[in-house]
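Next up: a single chain in structure tokens, the form predicted on its own.
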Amino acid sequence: MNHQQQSILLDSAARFPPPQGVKFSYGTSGFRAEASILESTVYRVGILAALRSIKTQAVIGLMITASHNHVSDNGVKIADPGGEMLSQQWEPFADSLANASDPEHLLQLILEFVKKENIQFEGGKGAEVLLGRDTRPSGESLLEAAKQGIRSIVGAVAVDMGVVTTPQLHWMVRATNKGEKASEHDYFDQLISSFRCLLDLIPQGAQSSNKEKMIVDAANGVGGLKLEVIKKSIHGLNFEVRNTGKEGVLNDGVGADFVQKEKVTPYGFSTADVGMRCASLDGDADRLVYFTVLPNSSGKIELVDGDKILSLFALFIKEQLSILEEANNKKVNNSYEAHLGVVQTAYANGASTDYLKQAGLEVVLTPTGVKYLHEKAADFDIGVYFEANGHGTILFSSNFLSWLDVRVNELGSTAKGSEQLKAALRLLAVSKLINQAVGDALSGLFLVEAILQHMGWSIHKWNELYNDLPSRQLKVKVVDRTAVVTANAETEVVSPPGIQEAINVLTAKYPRGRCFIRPSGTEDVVRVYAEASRQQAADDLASSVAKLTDQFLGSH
């Protein structure tokens, strides 16, 4: 890094002094805080994004959003070349940049990191960063700070993609780096055409009970804007969008996070919607849950969460693979035994895990966090992951997709109209409809709707796949959460010694009991999760383990 570049960095950094007494931490969701204190952090993430682009010799994404947080908050996160989250190896550098006390300290950190990572400024492709923001009022000024950070690296280009959903920006980064068309129009076109393809491949005689209107709660966020655009071009689905942001407040009494946690109707829904198929997005449209309004229930709902969405997707894919494998068993040429896997965290309801295993699916657990789920799902030919909160997607390996393309061509010439060809075409359509970069409420919504029509299922039939076990989550304030060390995807405590054995003794007292504790990633608390066959038992187990945790660790 030459002296001119260093001078530019020092001058521009001086215009973005950090807030005093605030410590920032980059997690799965990037940096999030009250919007008024974020300008310097977003500027510095702009620098990081430009350096990441030079290092990877690829286009990087920078999204300004705080997802399901309150409208007064905002945040910033990076999309890596494949559209996935920022590499975990760069997270400590992100933390250091955000918390650097002054321009000189900031420059020193950058110089040390550039040397350590061997980032070459000469002879390679210049940095290019795609920028996006959600509908928050603070987004525009923070976007300018990001641009200043990116442009402080000589030759770096910032491309403003406008107001987009978080998953759209991730998709655009992935498509750009694959050399594909990557505009918002291209995103809409791929979603609509692949949805249409799945509807065209619905078996004859499938009695869909989903012809009635579906209602979508758009959380007064960016997803509502995009659904209104899609609605003009999509056929085969009758839906109404509510909470579009024209009147209500972003994420206030609306959205997937509110619906999933509170299990009540979002604002704008009433007894007039009893029994109807309803869906909720979150503020930046990367989470999706479904629900039905219960009769005479003062706003209570029947929730269909991310675990049920995962189950629906996994069953459909397994069915298509089974059809293809029938042909494999007949010793056809070019057979391929695809490895399908389902990835969950310990927070997935035990009933869902049991159901998936009984359905013959391979289930693996990872620590909590989308980055861990995504990484594990990539180990399979087809990896499906979802969290109960409604964030998840399906990953297809390039090897499997290449084989599928060849298989479709073969079947198209030798077995036109066959069930094997239809199954292969459905899987290809799913790979295009689902956003393989990141969880995407819009693509997930249309995939759910296509599969329900394929199966001929109502939301009630779908929800009857299994009954969730009653559960309870608590948190215990502690002096030092790092004293809790876990293993086996956070389901067992290895330190402090003795606590896991005590948890096991308590859990054994309850039918279908399951309980684990884990340190929070953001607060000085230990989180407790418990399940049992009855709600009172789950409550009692959670309470008992919370007291036990307090005894071992000492309250705050």
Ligand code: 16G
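All residue numbers are counted from 1 along the displayed sequence. Fair warning: this is a prediction, and the values are worked out from it, not measured in the lab.
The form predicted in complex with the ligand is left out here; the points below concern that form.
**Q** Among 27 to 35, 41 to 49, 504 to 512, 491 to 499, which stretch has residues whose heavy atoms lie within 4.5 Å of the ligand in the model of the complex?
**A** Result for this chain: 27 to 35.
**Q** Just one of Gln148, Thr244, Thr368, Gln190 has a heavy atom within 4.5 Å of the ligand in the model of the complex. Which one?
**A** The option sitting close enough to the partner is Thr368.
**Q** At 4.5 Å by heavy atoms, is each residue in Gly205, Gln420 and Arg426 next to the ligand in the model of the complex?
**A** Contact check failed for every one of Gly205, Gln420 and Arg426.
**Q** Looking at the partner-bound form in the model of the complex, is Lys55 within 4.5 Å of the ligand by any heavy atom?
**A** Contact check for Lys55: no, nothing within 4.5 Å of the ligand in the model of the complex.
**Q** Residue-level question: is Asn389 within 4.5 Å of the ligand in the model of the complex, judged on heavy atoms?
**A** Residue-level check for Asn389: yes, a contact with the ligand.
**Q** Using a 4.5 Å heavy atom cut-off, state whether Lys77 contacts the ligand in the model of the complex.
**A** Taking the distances in the model of the complex, the answer for Lys77 is yes, it comes within 4.5 Å of the ligand.
**Q** Using 4.5 Å between non-hydrogen atoms, is Met85 touching the ligand in the model of the complex?
**A** Output for Met85 is yes: heavy atoms within 4.5 Å of the ligand.
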